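Take a look at this single chain, the form predicted alone, given in structure tokens.
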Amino acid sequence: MTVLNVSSIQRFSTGDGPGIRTTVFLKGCNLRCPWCHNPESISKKTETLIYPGTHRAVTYGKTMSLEELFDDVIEDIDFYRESGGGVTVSGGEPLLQPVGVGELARRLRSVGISTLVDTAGCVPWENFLCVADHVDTFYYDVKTADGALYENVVRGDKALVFGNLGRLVEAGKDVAVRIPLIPGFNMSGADHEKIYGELKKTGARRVDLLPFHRLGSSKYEAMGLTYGYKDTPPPEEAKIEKIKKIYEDGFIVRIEK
């Protein structure tokens, strides 16, 4: 029986792809981005967060069979069809559970519902092959073009990330590259000139810029952790626009609000 380790399920989401969507957040991530907005999805273990002040307790993480998960997300099929939406699988890193994600996407496609996978791409190419034939769109996170930063800060592999992206585009898949704009990490023009150059090599055409925000700060408190970015303000609009102009010469660019 195919099972998935699910962190949480968010219904009526409008920020994780087109139309009205259900977003399935899976548990487990192999990266360690210090600005992560979903720290409750990093560990594979079930965790209960207790929010200071309200003492509200929320548990993240449960094993669901493929049948259970499919039945859950299909409840809103009418909303997907009316709005042009569907199901988004995020995380954590969803492609650490490629067999289950691929089978879920296959079943959804069989009833006319699209699947979007939000991935950081730092997994073996074989994991993509488990899902590629059934997933309609990939949101593909790119953090930097600096190999040392990928290795030492993000704990990932730049060559693997860009290599997989190129293969995904070459295979004709619908891919939107997503670049978080993180103060103190990748906000200089030089940073984005390098990313631009690497992305051009992959053949990617769409770039979404994701300005940093602190909406995940309360989760760190609830987990008893110190959030290193809790006092970091969002990037200034003028800096975001300058970065956007770098990509406009070669890509279709959108700023996520």
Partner chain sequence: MILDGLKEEMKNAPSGEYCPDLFRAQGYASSNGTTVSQIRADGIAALFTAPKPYIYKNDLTVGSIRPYFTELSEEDRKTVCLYEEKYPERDFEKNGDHFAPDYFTAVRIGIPGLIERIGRSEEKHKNDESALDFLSSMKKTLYALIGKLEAYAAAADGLIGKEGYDDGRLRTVRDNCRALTVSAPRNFEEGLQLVWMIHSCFVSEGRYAMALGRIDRYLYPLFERDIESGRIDEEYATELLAGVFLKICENRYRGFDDVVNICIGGVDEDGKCSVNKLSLCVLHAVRDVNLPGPNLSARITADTPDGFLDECLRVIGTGLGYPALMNDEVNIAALLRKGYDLRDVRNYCMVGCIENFITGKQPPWVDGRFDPICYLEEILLESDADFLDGIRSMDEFMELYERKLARGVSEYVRSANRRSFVHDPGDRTSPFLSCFCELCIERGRDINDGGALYPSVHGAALMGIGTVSDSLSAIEKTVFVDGSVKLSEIAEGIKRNFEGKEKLRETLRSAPKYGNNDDFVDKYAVWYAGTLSDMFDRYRTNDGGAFYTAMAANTSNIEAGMSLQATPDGRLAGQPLSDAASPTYGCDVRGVTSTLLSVSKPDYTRCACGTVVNQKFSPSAFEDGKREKLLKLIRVYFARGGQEIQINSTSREVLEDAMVNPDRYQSLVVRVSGFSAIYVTLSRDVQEDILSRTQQQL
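Numbering follows the first chain given and starts at 1. Note that the structure is a prediction, hence the values are computed from the model and not measured.
This protein has a second form, the form predicted together with the partner chain, left out of what is shown; the following refers to that one.
When you look in the predicted complex, the only residue of 44, 206, 37, 194 with a non-hydrogen atom within 4.5 Å of the partner chain is 37.
Checked against the partner chain in the predicted complex, the residues 146, 76, 103, 157 give one hit for a heavy atom within 4.5 Å, which is 76.
Listed stretches are 27-35, 213-221, 184-192, 197-205; the contact stretch with the partner chain in the predicted complex is 213-221, by a heavy atom cutoff of 4.5 Å.
Proximity of 67, 151 and 166 to the partner chain in the predicted complex is absent: no residue of the three has a non-hydrogen atom within 4.5 angstroms.
Using a 4.5 Å cutoff between non-hydrogen atoms, residue 137 does not count as a contact of the partner chain in the predicted complex. By the criterion of a heavy atom within 4.5 Å, residue 228 is excluded from the residues contacting the partner chain in the predicted complex. Under a 4.5 angstroms non-hydrogen atom cutoff, the partner chain in the predicted complex has residue 11 among its neighbouring residues. The partner chain in the predicted complex is not approached by residue 174, whose heavy atoms all lie more than 4.5 angstroms from it.
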